[in-house]
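Next comes just one chain, in structure tokens: the form predicted alone.
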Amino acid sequence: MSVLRPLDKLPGLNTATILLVGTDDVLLQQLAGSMLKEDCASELKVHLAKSLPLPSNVNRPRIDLIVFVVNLHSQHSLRNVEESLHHVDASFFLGKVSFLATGAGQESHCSVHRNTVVKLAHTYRSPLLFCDLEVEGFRTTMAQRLVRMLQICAGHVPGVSALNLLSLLRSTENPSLEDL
């Protein structure tokens, strides 16, 4: 059980692997199923983990993109993601990490404030996506977006790198650190 590094494994030929990290198994499995239904030129592999670190496994493929899923209805979900972040090498944050906040549609039931997740993503200089994964249409749209991001992070889109994607996903509408 060690720090997860982006280049510790050789890439698979025409293979793209995403790691979804979160505490809500049902939502992660539904999102993974939606991703696997998407039309993708690459062989798509989706791995799920409740938390990091991952067990040391020689057969584990190279991870091209990590998505930390925070359920805004659960403080435990936020703490789990915060603890898991310590097991990710800093070079992963060069475009190969994203945060996904779910449950924002029912703000009255949220126990984690949206600004808390915004600050977390800003601290790690990683994109933050919002989606209510319980709604099938939203989940399908998010799956499409994640598959496209994964293809870029795996190097399967000519002329676009993970760092290019990171700079494109940073919007001028994001609040500055002083505003938070």
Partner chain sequence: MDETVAEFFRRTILKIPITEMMTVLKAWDFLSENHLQTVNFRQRKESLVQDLVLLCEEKRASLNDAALLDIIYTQFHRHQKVWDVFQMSRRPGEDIDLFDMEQFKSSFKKILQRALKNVTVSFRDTEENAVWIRIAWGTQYRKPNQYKPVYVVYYSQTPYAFVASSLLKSNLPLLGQALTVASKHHQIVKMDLRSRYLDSLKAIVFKQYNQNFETHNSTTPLQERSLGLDINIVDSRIIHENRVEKERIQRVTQEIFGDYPQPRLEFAQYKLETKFKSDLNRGILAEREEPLRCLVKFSSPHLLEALKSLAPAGIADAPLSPLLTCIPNKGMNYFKIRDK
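Positions refer to the first chain, counted from 1. What you are looking at is a predicted structure, and each value in this text was computed from that prediction instead of being measured.
Quick note: we don't show the form predicted together with the partner chain, though the next part is all about it.
K.L.:
To verify the annotation, which of these, His113, Lys119, Arg145, Arg60, has a non-hydrogen atom within 4.5 Å of the partner chain in the model of the complex?
P.N.:
When the partner chain is considered in the model of the complex, the option within 4.5 Å is Arg60.
K.L.:
Name the single residue among Ile152, Cys131, Ala32, Leu128 that comes within 4.5 Å of the partner chain in the model of the complex, judging by heavy atoms.
P.N.:
That would be Ala32.
K.L.:
Quick one: does Pro55 come within 4.5 Å of the partner chain in the model of the complex, counting heavy atoms only?
P.N.:
Pro55: contacts the partner chain in the model of the complex.
K.L.:
Does any heavy atom of Arg139 come within 4.5 Å of a heavy atom of the partner chain in the model of the complex?
P.N.:
Because no heavy atom of Arg139 falls inside 4.5 Å of the partner chain in the model of the complex, the answer is no.
K.L.:
Quick one: does Thr123 come within 4.5 Å of the partner chain in the model of the complex, counting heavy atoms only?
P.N.:
Because no heavy atom of Thr123 falls inside 4.5 Å of the partner chain in the model of the complex, the answer is no.
K.L.:
How about Val135 - does it come within 4.5 Å of the partner chain in the model of the complex, if we only consider non-hydrogen atoms?
P.N.:
Val135: no contact with the partner chain in the model of the complex.
K.L.:
Using a 4.5 Å cut-off on any heavy atom, which residues of 39 to 54 would contact the partner chain in the model of the complex?
P.N.:
Heavy-atom contacts within 4.5 Å come from Leu44, Lys45, Val46, His47, Leu48, Ala49, Lys50, Ser51, Leu54.
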